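What follows is a single chain, given as structure tokens, in the form predicted on its own.
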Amino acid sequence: MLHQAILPHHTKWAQFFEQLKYVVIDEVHTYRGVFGSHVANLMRRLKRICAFYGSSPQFILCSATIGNPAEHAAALIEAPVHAITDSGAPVGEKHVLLWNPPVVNPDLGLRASARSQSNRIARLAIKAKLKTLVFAPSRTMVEVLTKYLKDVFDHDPRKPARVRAYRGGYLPTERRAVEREMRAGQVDGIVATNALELGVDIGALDVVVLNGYPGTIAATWQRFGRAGRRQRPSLGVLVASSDPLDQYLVRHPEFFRDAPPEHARIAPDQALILLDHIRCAAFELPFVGREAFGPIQPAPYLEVLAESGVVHREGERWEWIADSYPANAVSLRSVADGNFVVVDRTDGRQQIIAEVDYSAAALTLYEGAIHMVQSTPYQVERLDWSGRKAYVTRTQVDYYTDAIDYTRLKVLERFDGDASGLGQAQHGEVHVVRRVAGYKKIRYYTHENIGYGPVNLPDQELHTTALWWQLSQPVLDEAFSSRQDALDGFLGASVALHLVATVQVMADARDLQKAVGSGDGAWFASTDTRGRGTLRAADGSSAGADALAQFQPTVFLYDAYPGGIGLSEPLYQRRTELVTQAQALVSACSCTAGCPACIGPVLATDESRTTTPKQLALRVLRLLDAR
């Protein structure tokens, strides 16, 4: 509202801005990463408009518990703050249950899925007439869990729906309708992404079920806080997935109880984000003289805009001259622009039923994909990539789809580097290419693969910043009996390093990604269907024995947005700590050969091998340990 409606049309709000005394920002802990960086720039634009109308409002910021409330609030509004850390809010009795799914295959360390256990707990709660909210980690999982619950509670179409889904990508009218039904007590269960982690009023809840650890202590308590808000007792259930961090949490409940909350970080001066908001600010008011935008001198960015023909310089003034409306094209939640709309053509007429952001489109809207809305399946018949439209038709299938993708990286520039044990840790700029090569069809309930399909979409490319570790050829030759063992060790180590890094910088899982490759972009590594590391060339073809023998594996942790968002540098500063924590994570796991709780799935172990994938991953981490 502020970004696209009020600030661009501030002249209609002149009296409001002249008398503005307070600006209250709620849920400050959620304004981190890309989203927080956009909001910090939005505050720069707001203060610029206020100054134009002669007002200087006081900012009041409210947050769930985070580790750096004063520092983060000051970064958002770029002004000194005074932190009030004692809470007087009334709360009811809260019960917390950490639920680890039972082991179904002790040899491989495999447990029942968090999805099946979340479904089971939610069914029991709804049958007990408890208002229940289930948080799922992805939009696809929201739709799958909603289908499972609807199959039990909404099988009679003559009765009002008792279970609803809520996630990003739904049209605003759909989301508001779900909120109204929940507040009115008409819905017994709701399945949501973190879109409902924020302070949307959905009435009184009794039970909150988390399908997997959200990634931070702060987000966990925020989600549990959705229940019992009116001094009623409530239950929060965290169902652990097979991810290493989830398993560490349920095995060490004292960490969950005693760990200090994480720090929130933003990078408001990230070049592409800053350019977007200087473009919006120039539309709102001309830039005059050496006027600053926050601490930034905007002249270089204005010159870029002038070259593209949207801004004109007249003496000391930069005036907006284009017919376009820039804020309408800038998403506050991403760096890449251009949301895709999902168009339903089932009945011969075209109707928009959902939106998908640019970064997720290649993974969810390829031709043949099953795209679900309120658990109703639609099949993507045609994807107009340049026009940002996906055309779908309603269908009846017994499966959903999951994309198969791979990533390769090429180092462009090294900013810094240092020894890391017997190897090297470096920080710099990389070129990332992500390709969606195909998709799997996964049957409901049994979750077996029942088919594959090809995907032909443009590669997604970006320049970003990264941290990476590697060992020299002589160290690899001495430490490993074969380069295949080294490759398997690096793939396992990458899983553990990514998990501990995500915690260290309080990153959303999609903001920080991992990859294992050669560093020159020629080769990338992945895990095959047998759980073994496999090396592939840039075009996706399998590498031969000669290429594997010369391959120098490198673990990358990279910012998943163009230009980076300020995650890789603090990770580089804590590189030694990351390796130590990853080593402790793998060592403490009770499995024998490796499992989803430490180094990722190990589907098969070759009995002829003298070392297990877990031992290989530990060997890599010990070689990189600088202690």
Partner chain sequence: MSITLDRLQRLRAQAGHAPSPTAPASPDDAPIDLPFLKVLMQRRALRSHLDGIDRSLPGDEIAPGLRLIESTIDWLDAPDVVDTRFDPRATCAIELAPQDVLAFDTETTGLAGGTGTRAFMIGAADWHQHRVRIRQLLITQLSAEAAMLDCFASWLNDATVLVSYNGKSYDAPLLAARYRLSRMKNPLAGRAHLDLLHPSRRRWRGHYENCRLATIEREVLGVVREDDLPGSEAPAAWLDCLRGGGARNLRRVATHNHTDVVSLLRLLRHLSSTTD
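A quick note: this is a predicted structure, and the numbers were derived from the prediction, not measured. Residue numbers count along the first chain shown, from 1.
There is another form of this protein, the form predicted together with its partner chain, and it is not shown here; the text below is about that form.
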* Asked: Should residue 562 be classed as touching its partner chain in the predicted bound form when contacts are defined as heavy atoms within 4.5 Å?
  -> yes
* Asked: Should residue 481 be counted as a contact of its partner chain in the predicted bound form, where contact means heavy atoms within 4.5 Å?
  -> no
* **Contact test in the predicted bound form: residue 284 vs its partner chain, heavy atoms, 4.5 Å** => yes
* its partner chain contact at residue 59 in the predicted bound form, heavy atom, 4.5 Å -> no
* Structure fact -> Answer among 489-497, 344-352, 311-319, 122-130 for heavy atoms within 4.5 Å of its partner chain in the predicted bound form: the stretch 311-319
* **Contact residue in the predicted bound form, chosen from 394, 232, 463, 414 - any heavy atom within 4.5 Å of its partner chain** => 463
* Can you pick the one in 245, 272, 548, 171 that has a heavy atom within 4.5 Å of its partner chain in the predicted bound form? -> 272
* Asked: Taking 398, 406 and 511 as a possible spot, do all three reach its partner chain in the predicted bound form with a heavy atom inside 4.5 Å?
  -> no
* **Residues in 301-318 close to its partner chain in the predicted bound form, defined by a heavy atom within 4.5 Å, in order** => 301, 303, 304, 307, 309, 312, 314
